[in-house]
Ligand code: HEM
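Single chain ahead, written as structure tokens, the form predicted on its own.
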């Protein structure tokens, strides 16, 4: 008898020895059939090991660690800010992708102006006002949550060894979050967007040595126009999302490996 036949015979004998209901027998037979073809049990064991390893990385509650007799520890809610900012980023990404179906970066002189498209989204598109509001507020919540998260890390000393690399990645992430907000601020191409862009040009020109080169690269010149909006759109939609998503994955991966630092 081959090894596979022997295993199948052992499994059936095991089921016959136990008083199983028809539903339980059907479930086990289905599981055995799937396992024989797709190694389901091996993957379930892998997921189980991953689950327990993940739990080992999660911090104990302060009530457990410091024996506080179920008293509320006021610092602990601040440890949700990183997760909260990640959720806000996902919501902003999904809502932004949906807005992309109805927006194109075109200035007032083009066939379909960006400002007119925003007005269409806000007034004529079904649920457009809600969709843009969700995108705007999730972006603002993300910015606030990332800022508060950095403050919590700083004041609890969680940036110290061995977490200094993740602290530097966090600084890059909060900087890119600011760039995310700025590029998105220019996309509606209204008066606020125009003058925010003009301020950006003046700031770029004020940089010694490379100021004019930076203004040409980022804004397409010294005055605002179609090249400016095109660059902001490419940064906001095609460049920043991939960079930020990759850095968030690395950031969370390091936290998972090192565990969450707690105040002492």
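Residue numbers count along the first chain shown, from 1. Quick caveat, the model's predicted, so the values are computed rather than measured.
The same protein also exists as the form predicted together with the ligand; that form is not shown, yet it is the one meant from here on.
Taking non-hydrogen atoms only, residue 86 approaches the ligand to within 4.5 angstroms in the predicted complex. Residue contact check for residue 79: one or more of its heavy atoms lie within 4.5 Å of the ligand in the predicted complex. For the chain shown alone, residue 243 is not a contact residue for the ligand in the predicted complex, no non-hydrogen atom being within 4.5 angstroms.
Taking non-hydrogen atoms only, residue 170 approaches the ligand to within 4.5 angstroms in the predicted complex. Contact with the ligand, judged by heavy atoms within 4.5 Å in the predicted complex, is confined among 181-189, 123-131, 143-151, 96-104 to 143-151.
177 is the sole member of 193, 177, 138, 117 with a non-hydrogen atom within 4.5 Å of the ligand in the predicted complex.
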